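Just the one chain here, the form predicted on its own, laid out as structure tokens.
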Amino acid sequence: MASFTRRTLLAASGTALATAGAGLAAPALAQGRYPNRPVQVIVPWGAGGGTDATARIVSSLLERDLGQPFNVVNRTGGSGVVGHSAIATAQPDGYTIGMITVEITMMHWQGLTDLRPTSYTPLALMNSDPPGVTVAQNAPFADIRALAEAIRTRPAGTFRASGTGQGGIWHLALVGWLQAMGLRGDHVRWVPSNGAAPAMQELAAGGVDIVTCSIPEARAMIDANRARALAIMAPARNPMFAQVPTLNETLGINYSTGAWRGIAGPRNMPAEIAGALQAALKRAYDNREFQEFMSSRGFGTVWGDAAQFASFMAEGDRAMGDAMRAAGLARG
């Protein structure tokens, strides 16, 4: 399974800016034509969650910068299909945009929708949260090396892991890690859960051996001394959890993945409008208020412009396909 990392963002060049609609200067902008009325920002997930919170802080900064309301609208349902579809099928005039998430690289492999990353005009990647490898506080593994060795040497199905539903991002993170170790994607048995919080409770109770959710999601149990994070599936350590090493520095496995969030619009947005939005999103990303908001919640920040975001999603889409086929979850 290929990894998708910050290197992908750095490797991407401006060649995709035209197709992503990211020209940064146009007469229409100089004349103040965009935006001249409220902009709708669709969120495919429920109010109060991490995606909703991120979209609302970004929207508030865009509103302050561009002088028009940016109204967040939650369009939930269909495991993310409803909201992602509403963004993709809107008029490409810049007045409906949205926050797309890692699920856009997963849903079509599951046969849930025909939507995929190329269904959008990418504008900016703003958040990425890699998974950690977390065990119970009393687990007999001093570090990730000891856990990896135990997984390799014991029969398939000995260990049980959780963190989300079957086929969710944290499940596929586990599958990719196992593949990177030369094992089958189902070598560790996945126990579906309704999210990271119940999975962490099950970990502390001894019902599962490993949880592969993001470390911010595991933080409460770690702080309560009921769990330990052994590693993070990222190209670099998270400064907020600096004591947690990467898989690469501990196991020599250059594998990373994670949940992410970015802003996009319908395909074929005018270049001058996409460019204005990308420039405003960069200002929002650089704003101290955004950085402090994300940091206070343990959310990772990573910037990718239109070209970089497009490349990032393309690589992630290939990676999710590989993982789903390995886990027997891909259809067609």
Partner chain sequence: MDALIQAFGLVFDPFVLGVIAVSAVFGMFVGAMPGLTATMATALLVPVTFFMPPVPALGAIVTATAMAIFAGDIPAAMLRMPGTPASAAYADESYAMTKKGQLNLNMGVNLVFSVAGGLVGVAVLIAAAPLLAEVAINFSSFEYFWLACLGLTCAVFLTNADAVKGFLSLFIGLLLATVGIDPSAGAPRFTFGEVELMQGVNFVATMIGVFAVSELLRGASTVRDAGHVVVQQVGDMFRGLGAVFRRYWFNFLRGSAIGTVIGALPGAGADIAAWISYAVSKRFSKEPEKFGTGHVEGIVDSTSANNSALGGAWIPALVFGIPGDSITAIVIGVLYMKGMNPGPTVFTENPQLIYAVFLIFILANLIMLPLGWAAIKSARQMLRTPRNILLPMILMFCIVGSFAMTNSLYGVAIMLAMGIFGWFLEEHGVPVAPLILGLVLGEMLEQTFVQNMIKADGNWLAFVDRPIAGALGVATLLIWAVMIARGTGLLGARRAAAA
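Residue numbers count along the first chain shown, from 1. As the structure is a computational prediction, the values presented were derived from the model and not from experiment.
The form predicted together with its partner chain is left out here; the points below concern that form.
The closest heavy atom approach of G206 to its partner chain in the predicted complex falls within 4.5 Å. The closest heavy atom approach of R160 to its partner chain in the predicted complex falls within 4.5 Å. At a distance threshold of 4.5 angstroms between non-hydrogen atoms, T246 is out of contact with its partner chain in the predicted complex.
Not displayed here, its partner chain is kept clear of T153 by more than 4.5 Å at the level of heavy atoms in the predicted complex. The partner is not drawn, yet in the predicted complex one stretch among 119-127, 69-77, 248-256, 231-239 has residues with heavy atoms inside 4.5 Å of its partner chain: 69-77.
No residue in the set T54, H187 and R318 has a non-hydrogen atom no more than 4.5 Å from its partner chain in the predicted complex.
Taking A173, V102, I210, M221 one by one, only a single residue has any non-hydrogen atom within 4.5 Å of its partner chain in the predicted complex, and it is M221.
Residues of 188-206 placing a heavy atom within 4.5 Å of its partner chain in the predicted complex, in sequence order: R189, W190, V191, P192, S193, N194, A197, Q201, E202, A204, A205, G206.
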